[in-house]
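There is one chain below, alone, in structure tokens, taken in the form predicted on its own.
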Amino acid sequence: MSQVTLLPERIGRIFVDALRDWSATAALVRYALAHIVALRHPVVARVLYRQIYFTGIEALRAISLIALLTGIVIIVETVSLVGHQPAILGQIMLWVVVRELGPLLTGIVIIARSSSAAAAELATMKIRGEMNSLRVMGIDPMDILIVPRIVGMTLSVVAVTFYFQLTAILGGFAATSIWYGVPLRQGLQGVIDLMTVTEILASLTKALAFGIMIAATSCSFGLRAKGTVTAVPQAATGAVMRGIITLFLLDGVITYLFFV
């Protein structure tokens, strides 16, 4: 059978697999929302705090560097094209950083360091039988392992996204103030004057949607691991790849809903 004949079958299989993955991810989100009261338990709360620390606080060093360089590059390139025009600089920073790069780059960093780690950890626990051990002790592994991870990663992505945007904007305009003599306050005022409720809501929606998707995707791939330890890197890789694809799909959909 020719490769051309097999192509539609392969595309269909990829599409069906993606739908199955997204369905499993949505089921985990529904479960987390329905059992969010489990966070009241001290043990579950400790898992939540550890997840926030790992996903949010420990990511700040990398996020700070990326955000600072992003803001500087955008400002320098814009100034080289249009000159020192605060209104245009503010508009570019708003469109590029707040609308797009802030949520996207934050999501990619979190996927690279936290999604893969969560998927690998859950896959290891499942292969070693630790989840079955929790059930034997009368503990629901979904409540203690999945709910705090989804909530913790989601909150972390939202917080880190706004930190990225603030760092990129401040770093970019600080660079123009140092190199080109443009007052820092003047540049920031250009962004503030153009900021609208729609911009804020769009950014918040992206950060929230990205956080939920990244967390649920990593948990979904971790839970489906079967067989030997070779399934652990497969779960981590699958979570990263599916997360990045879904990230860009969600970004396009949300941008269309808010701005088109």
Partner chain sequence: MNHASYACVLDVAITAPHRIAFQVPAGSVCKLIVSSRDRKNELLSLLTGLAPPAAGSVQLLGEDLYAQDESQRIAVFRRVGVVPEDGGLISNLKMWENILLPSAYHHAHRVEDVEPRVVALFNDLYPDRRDLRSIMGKLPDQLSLRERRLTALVRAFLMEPDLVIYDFVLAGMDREAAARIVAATSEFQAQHRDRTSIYLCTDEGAYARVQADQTIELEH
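Keep in mind the model is a prediction, meaning the values are calculated, not measured. Residue numbers count along the first chain shown, from 1.
We do not show the form predicted together with the partner chain, though everything after this point is about it.
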So in the model of the complex, is the partner chain close enough to Ser133 to count as touching (4.5 Å, heavy atoms)? yes
Contact flag, Pro141 vs the partner chain in the model of the complex, heavy atom cut 4.5 Å: yes
Flag His84 as yes or no: does it have a non-hydrogen atom within 4.5 angstroms of any non-hydrogen atom of the partner chain in the model of the complex? no
So, Arg50 and the partner chain: in the model of the complex, are they within 4.5 Å at any heavy atom pair? yes
Exactly one of Ala59, Val191, Val44, Ala202 has a non-hydrogen atom within 4.5 Å of the partner chain in the model of the complex; which residue is it? Val44
Given that the partner chain is left out here, which of Ile72, Val158, Ile108, Met125 has a heavy atom within 4.5 Å of it in the model of the complex? Met125
Tell me which of 97 to 105, 181 to 189, 141 to 149, 72 to 80 has residues with heavy atoms within 4.5 angstroms of the partner chain in the model of the complex? 141 to 149
Any residue of 94 to 122 that, in the model of the complex, places a heavy atom within 4.5 Å of the partner chain: Glu121
